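In the block that follows, a single chain appears as C-alpha cells, in the form predicted on its own.
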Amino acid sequence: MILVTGATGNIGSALLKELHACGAGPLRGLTRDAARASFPEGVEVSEGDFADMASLEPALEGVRSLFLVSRMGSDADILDAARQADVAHVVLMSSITVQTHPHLGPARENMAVERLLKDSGMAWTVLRPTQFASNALWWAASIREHQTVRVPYADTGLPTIHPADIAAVARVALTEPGHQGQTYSLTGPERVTARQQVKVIAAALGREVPFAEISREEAHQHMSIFLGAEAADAVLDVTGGDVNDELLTVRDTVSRVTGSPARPFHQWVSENVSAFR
C-alpha cells in the first residue's frame, strides 16, 4: 500500500494519477474531507488530520510507502507513527531552499524534518523542488477581475517547476529501485521571470494583462497579512531579493529520474488557463 498525503493538492493529486496510471496500487489518499475528494477509480480515500494523530492511524494501516508533505503538523509525531506502523520508505517533500538559503526560517524547518526522517530508521528519499509554476495562481483573482498584476523583482528569472514533474519524480521514487537514500533537487527546464509568466498567461487568454513592478516594501506589506512578516521576508528573498547561483541553476534531475523532459511554464498555463478566465 502507498499512502499519499496532501492528496487533493497540486502535487498529491497529480501523484495519485501517476501511480494509478502505472498500476502501482493498492493506493490510498489522505484528505481532511473525504466527501470532497475526487480520486482515480480504485484509490482508497482516508480521512485524517495531521493535527489529530489518532485520525492518522487508520490511514497508515498496511502502508509500506509514504509520500509526505512536511510541515502540515508535528512531523516528529507523524514520522514516529509511520515507523510504528512499519512504513518502510518515505518520500519527503522538502524545498530547494534547504541548500540555497539554509539561514531562512522555513528552510531551517525543512532541514529539521529531513534530519528527523534520516534518523528514523526508515528508508528515505528527499525531494527539494524550486518555485512552483502553480504559484502563478496568486495572481488569478487580479487577472480574472482585469486588475493590474503587481509583483516585486519582475525580471528575476527562476527555474520554475511544474507540480506534475515533482509528482513524476515522486512516483518513480515510490515504485522503482535505486532511489532510496537519494536527495533530488528539482527545477523546471528554464528560468522564467514574473513578467514573462504574465505574458504567457495573457497570450493564453488572448488579451492584455496589466502588469506593474512594485517595491519590496509594498509587496511585504501585502504578503505579511496572510503569510506573516518572517515568511513574507523569506519568500521575497528567494524570489528576487537574495538570489544566488545555486537557486538560479537549471537542473536536469527531472529528465534523469523520469526519462521525460521537464515541462515548461507555458504547458502549465495551457493546462490551467481556466483559473484565470
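Keep in mind that what you see is a predicted model, and the values were worked out from it rather than measured. Just count from 1 along the sequence shown to find any residue number.
The form predicted in complex with a small molecule is left out here; the points below concern that form.
Residues with any non-hydrogen atom within 4.5 angstroms of the small molecule in the predicted complex fall in just one of 205 to 213, 222 to 230, 45 to 53, 243 to 251: 45 to 53.
In the predicted complex, no heavy atom of Gly25 sits within 4.5 Å of the small molecule. Residue contact check for Ser185: none of its heavy atoms lie within 4.5 Å of the small molecule in the predicted complex. At the 4.5 Å threshold, heavy atoms of Arg32 reach the small molecule in the predicted complex. In the predicted complex, the small molecule sits within 4.5 Å of a heavy atom of Gln131.
A heavy atom within 4.5 Å of the small molecule in the predicted complex is found for exactly one of Met93, Val151, Leu79, Ala167: Met93.
Residue Arg71 is the only one of Arg71, Lys199, Arg108, Lys118 with a heavy atom lying within 4.5 Å of the small molecule in the predicted complex.
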